[in-house]
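One chain comes next, on its own, written out as structure tokens in the form predicted on its own.
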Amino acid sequence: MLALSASTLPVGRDVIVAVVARYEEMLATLPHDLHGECAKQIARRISVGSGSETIYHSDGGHFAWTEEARPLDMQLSHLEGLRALFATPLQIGPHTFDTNIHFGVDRNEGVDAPTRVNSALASANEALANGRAIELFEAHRLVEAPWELSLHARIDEGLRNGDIWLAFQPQYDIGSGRICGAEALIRWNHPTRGPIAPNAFILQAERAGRIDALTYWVLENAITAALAINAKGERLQMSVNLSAQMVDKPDLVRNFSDIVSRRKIDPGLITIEVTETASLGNRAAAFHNLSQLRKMGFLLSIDDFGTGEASLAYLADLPSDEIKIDRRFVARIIESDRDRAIVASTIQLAHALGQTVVAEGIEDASTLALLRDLGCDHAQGYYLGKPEAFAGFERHYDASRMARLRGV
């Protein structure tokens, strides 16, 4: 890779890096005198498929070369064909290996060679980590790279100075009309970038290894809010989101237990919302952790039910207490017979399994009325209340409670 980085890249060439999955394990299986043969066989297949006479190699199963910059669809099709060459196992001496290969592509001409090689290398690693065949490093990522690479420090700074804060969105009991819960939602107002979409910086935080710190910060501040509201006399459930990146971690249960013990709060006041845990490598460990949290008293909620992995398999495997019907179904129940039937059936199934049902994304009175008719338990959405800082949420809660006590 150093040799390729030091070369002059011709105009009109793509830089491509291939990474071989479990390459280190393959080498560990082989005697040392066959390591070179393993690399040569992989490079030979790449050379045949790519037409490139020179293949660069580095430790960790990375192989690099340059190719003519074809139109993107042709290049992607070409790499898929190259990937097919590795469907046949490698035969290294007496050893046979199945081979799974992933590609990173950099097409950013006009950038120096080391940057292009590193960009393709990063893309190949990302393709491997995400289980994708090909990852393209696009020009806009070069602009964003300094931000993403310094995200660790920026998040810490945001937590210190208040740029990162917690919003609370009310959840209403549809039958009684009272605020029965709230979802704690992290927000970031950056001084120069302005509001940053939660999905964007949470994904970056997961990549940067900062999602644990953010999650525990959210839990601490959500507990502070829950204690303040519940001191007023009526029970309010506080919901926090748990990243799929954390669900299978060995220290998860201990950390949650330590926090609620130190803060002296009943775990039953905290609902943990989980989604996409089925996509984890260690699903058994994830479900074990969630079961242990529920035994401690936490309530478990299946978030975004009906999308992605959050489906019937969750209801079968996860010892949950609540499901949240995704907004994409709720938003269309007035005009769509199919979506209305899906929501109605989901509510009936959840109730048959002893689950509470929360409908997300309620935007108008007619949707709320129909959900009431369908037997939905709780409601959340902009029509009922937008996410806001705790002071605003508390005023909202107090006004609602006083109006209800006065019978208004």
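Here the structure is a predicted model, which means the values were calculated and not measured. The first residue of the shown sequence is 1; numbering continues from there.
Unshown form predicted in complex with a small molecule; subsequent notes refer to it.
The closest non-hydrogen atom of residue 101 lies beyond 4.5 Å of the small molecule in the predicted complex. Shown alone here, residue 198 lies within 4.5 Å of the small molecule in the predicted complex, counting heavy atoms only. Of the heavy atoms in residue 362, some are within 4.5 Å of the small molecule in the predicted complex. For residue 273, a non-hydrogen atom is located within 4.5 Å of the small molecule in the predicted complex, even though that partner is not displayed.
For the candidate set 327, 294, 78, 107, a heavy atom within 4.5 Å of the small molecule in the predicted complex is found for exactly one residue, namely 327.
Contact with the small molecule in the predicted complex, judged by any heavy atom within 4.5 Å, is made by just one of 315, 122, 260, 186: 186. Heavy atoms within 4.5 Å of the small molecule in the predicted complex are found in exactly one of 125-133, 264-272, 92-100, 236-244, that being 236-244.
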